[in-house]
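Heads up, the chain below is alone and in the form predicted on its own; it's given as structure tokens.
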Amino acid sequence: MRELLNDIERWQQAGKQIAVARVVDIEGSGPRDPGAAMAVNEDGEVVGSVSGGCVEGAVVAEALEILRGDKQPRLVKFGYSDDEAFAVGLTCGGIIHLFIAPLTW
């Protein structure tokens, strides 16, 4: 998370809305350990990683939906058996659980 702070601070000073996604659990094999984080601003700029690239696009889409929609935090999961996760490239065989929430000041 520390590697995200400079960008988050810059975005916050510019008045951008920001959502943070964090790996909270892994079942089986996963690309990143719990605690891995990604921040997304309302313009779709991204810093950090929750999956090493395999589901980043889908996570960005979820984050933007939160920022543009009801602003409610949510738990999401991607796994090998999920059609959507397979389509976006999570082929490591496990399931990753993410908590995605808007960053409020």
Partner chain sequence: MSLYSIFAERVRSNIPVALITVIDGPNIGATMLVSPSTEAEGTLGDAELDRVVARDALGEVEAGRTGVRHYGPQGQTTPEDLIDTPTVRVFIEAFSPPPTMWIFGAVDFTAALAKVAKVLGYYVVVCDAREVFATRRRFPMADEVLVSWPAPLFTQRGAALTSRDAVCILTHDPKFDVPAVQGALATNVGYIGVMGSRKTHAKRLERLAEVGITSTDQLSRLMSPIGLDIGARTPEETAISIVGEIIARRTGRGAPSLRDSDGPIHK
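These figures come from a predicted structure and were not determined experimentally. Take the two forms, find the largest set of C-alpha atoms that superpose within 1.5 Å, and that set is the rigid core. Positions refer to the first chain, counted from 1.
Just so you know, the form predicted together with its partner chain exists too; it's not on screen, but the next bit is about it.
When you look in the model of the complex, the only residue of Gly35, Gly52, Gly57, Gly44 with a non-hydrogen atom within 4.5 Å of its partner chain is Gly35. Put simply, Ala14 is far from its partner chain in the model of the complex: not one heavy atom of it is within 4.5 Å.
Contact annotation for Ala61: none of its heavy atoms lies within 4.5 Å of its partner chain in the model of the complex. Contact check for Val23: a heavy atom falls within 4.5 Å of its partner chain in the model of the complex. Taking the rigid core as fixed, one finds a CA shift for Lys71 of 2 Å or more between this form and the one not shown.
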